[in-house]
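Below you'll find only one chain, the form predicted alone, shown as structure tokens.
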């Protein structure tokens, strides 16, 4: 069976299921999987439904049915397309499958406990964690549990290392780099950010703000309710923001980098052959180009040559960034977040708001890149400063 899978993945043989209906299905999936379609029309609705309907989808029968549907679609697709199979069984990509299943399991467990606790809180009953005797002795209970986990993890790693060859390639050769050249799977989200921002932003500022945001989170979300037990009703804001950053801006980017980014870092559908000779024309246009040459590019606006002065040329982008970073937090404090501003105080609120607007800049830049091929808000090669 392993030999058959290897032959099919390498291109030998044909798909087990073929026909016009299968081909139409694969074409539709390839068309809908492009990020500008899948992110707003699939991943975001799933994220919203996960938060809104957590009391329904966490029920064991519903969750089990969803797991079956996911496994049938995720693993069953190997039967209809060898290009998808080649991606899925690649040793580098096996951790992605493990990540998706483990993240889904942890989310179900957390949201299931939250649904039960929120229902009991609403009914005035003690929550699950308070009603149960959770006292555990280090010896022998905790030590035995850790020992069993160590044995199971060691056995799994041993079977994994024997069953799959190590994803080692030829020695590094600058004359012939691999195409595509991908970072380890846990850095694919970071590599995807490099498409939309310069290295100083994607490799320093954004990762640094991820770390600082995690450090500051206990000071941002000081709500004593929900401390020590699972809940969503008591911590909607904190949980929603954290999950958006983790799932949408990290896990989804890893999925994009694994299954959709192919040779020349082009986007390919999951059932599409990774043609290394495919050249996708991409016109990099800056915000200053749209502002000064809008009539030529999008049919309306000014139709002037770019000013010779760099600061004047990039003034629209500078004003946009200044509005986004400096003016948007005070606007939030006086509108949709005025209660949170009054509770947190100015210092904590503005530190939190800066993290929020910078985090929000990533999906905004991604969408503009996909739809308008926007490269930079501010393009100042004279000062080696691009954003």
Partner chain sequence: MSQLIRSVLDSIFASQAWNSIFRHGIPRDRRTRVMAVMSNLFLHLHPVAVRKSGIRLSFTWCMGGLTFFLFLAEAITGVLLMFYYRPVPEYAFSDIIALRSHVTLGVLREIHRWGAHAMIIAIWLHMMRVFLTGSYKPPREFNWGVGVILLVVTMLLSFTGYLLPWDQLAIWAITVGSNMGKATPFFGMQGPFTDMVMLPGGVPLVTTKSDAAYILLAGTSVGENALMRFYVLHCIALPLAAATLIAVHFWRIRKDGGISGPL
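From a predicted model like this one, the values you see are computed outputs, not experimental measurements. Rigid core here is just the name for the largest C-alpha set that superposes within 1.5 Å across the two forms. Positions refer to the first chain, counted from 1.
Only in words, not in the display: the form predicted in complex with its partner chain, which the text now covers.
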{"item": "Stretch from 99 to 107, 284 to 292, 313 to 321, 268 to 276 whose residues place a heavy atom within 4.5 Å of its partner chain in the predicted bound form", "value": "99 to 107"}
{"item": "In the predicted bound form, residue 73 touching its partner chain (heavy atom, 4.5 Å)", "value": "no"}
{"item": "Distance check, residue 121 to its partner chain in the predicted bound form, heavy atom within 4.5 Å", "value": "no"}
{"item": "Proximity of residue 259 to its partner chain in the predicted bound form, heavy atoms at 4.5 Å", "value": "no"}
{"item": "Partner contact for residue 227 in the predicted bound form: its partner chain, 4.5 angstroms, heavy atom", "value": "yes"}
{"item": "Interface residue in the predicted bound form among 263, 245, 238, 307, criterion: non-hydrogen atom within 4.5 angstroms of its partner chain", "value": "238"}
{"item": "Its partner chain: the contacting residue among 143, 280, 125, 302 in the predicted bound form [heavy atom, 4.5 Å]", "value": "143"}
{"item": "Residues in 189 to 205 close to its partner chain in the predicted bound form, defined by a heavy atom within 4.5 Å, in order", "value": "191, 194, 199, 200, 203, 204, 205"}
{"item": "Residue 140 C-alpha moves between the shown form and the other one by 2 Å or more, core aligned", "value": "yes"}
{"item": "Did residue 214 shift 2 Å or more between the shown form and the other one, C-alpha, core superposed", "value": "no"}
{"item": "Rigid core superposed: residue 71 CA moves 2 Å or more between the shown form and the other one", "value": "no"}
